[in-house]
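First comes one chain, alone, set out as structure tokens in the form predicted alone.
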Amino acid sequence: MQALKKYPVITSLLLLTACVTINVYFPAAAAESAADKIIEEVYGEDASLNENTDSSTIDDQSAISQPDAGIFVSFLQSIIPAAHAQQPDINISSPGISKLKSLMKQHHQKLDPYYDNGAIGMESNGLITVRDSKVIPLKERNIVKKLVADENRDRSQLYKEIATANGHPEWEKDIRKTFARRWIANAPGGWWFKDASGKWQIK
């Protein structure tokens, strides 16, 4: 106990380790990364909007330089990797996911002009909708409606497929929420989206 009081850095590391859970939980950061990869492929352009900040880096220099720290560092190294091994990643390489990505790429090539002119916009639930049918030529309106319906069907299936492919069907809701944010975050300027209150905004 005296050693812990004498070396506060070591104490902090031990407390940090105590907070590490080995329970399987929804990996929000991994889900965002996975969503960005898929969205970039669908959009067909480099979104590159994420700021990857590694907040997990620990400066051990002060701890290593302290006497008896080696014992505690060895202890931490034996526990943390085991705990981290229980933290799930997101698998987005199943055949079902690949098929849906291919379909969504095809949809997007046709939908892109309608995003640009404001005819369609992004909902806050991870889907899209016809926002202003007046800017769509009359002869194209039914085509656009079908494209929107097909896209929404495939998006909903994608969220379900990702959850299932990772062995956690209960993650579907969280995956949908993650994608809802990332579709908007990765969208080019000038596209319309609904905010959390349901109001239309333009990027």
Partner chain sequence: MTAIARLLLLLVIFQSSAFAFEEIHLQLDSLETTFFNTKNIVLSLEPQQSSQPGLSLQISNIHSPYIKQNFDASFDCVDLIYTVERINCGQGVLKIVYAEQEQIEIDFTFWINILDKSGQLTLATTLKNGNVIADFQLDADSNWQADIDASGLELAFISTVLELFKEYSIIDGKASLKAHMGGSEDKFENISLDANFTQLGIEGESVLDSVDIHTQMDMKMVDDNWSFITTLSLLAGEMYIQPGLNIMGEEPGFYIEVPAESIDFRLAGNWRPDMNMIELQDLYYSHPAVMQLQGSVRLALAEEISYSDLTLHAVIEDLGSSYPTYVQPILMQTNFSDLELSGAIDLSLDYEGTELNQIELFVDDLFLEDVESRFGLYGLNSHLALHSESEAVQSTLRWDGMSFYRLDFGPGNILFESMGKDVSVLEWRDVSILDGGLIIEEFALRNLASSDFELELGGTLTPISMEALTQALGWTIFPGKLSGEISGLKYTKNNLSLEGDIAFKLFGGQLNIQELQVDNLFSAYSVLTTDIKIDELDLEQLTDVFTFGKIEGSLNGRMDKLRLENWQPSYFEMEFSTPEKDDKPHRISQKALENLNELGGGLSGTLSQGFLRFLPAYSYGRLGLGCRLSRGVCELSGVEDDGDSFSILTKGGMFPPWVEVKGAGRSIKWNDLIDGLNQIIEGEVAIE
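Quantities reported herein were computed from a predicted structural model and do not represent experimental measurements. Positions refer to the first chain, counted from 1.
Although not depicted, the form predicted together with its partner chain is the subject of the following passage.
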Item to complete: Although its partner chain is absent from this view, report whether Ala165 comes within 4.5 Å of it in the model of the complex, heavy atoms only.
Response: yes
Worksheet item: Asp89: heavy atom within 4.5 Å of its partner chain in the model of the complex?
Response: yes
Discussion item. My question is simply whether Ala28 lines the interface with its partner chain in the model of the complex - judged by any non-hydrogen atom within 4.5 Å.
Written reply: no
Worksheet item: Can you check whether Ser93 is within 4.5 Å of its partner chain in the model of the complex, heavy atom basis?
Response: yes
Item to complete: Kindly confirm or deny that Ile97, Asn142 and Ala149 each have some heavy atom within 4.5 angstroms of its partner chain in the model of the complex.
Response: yes
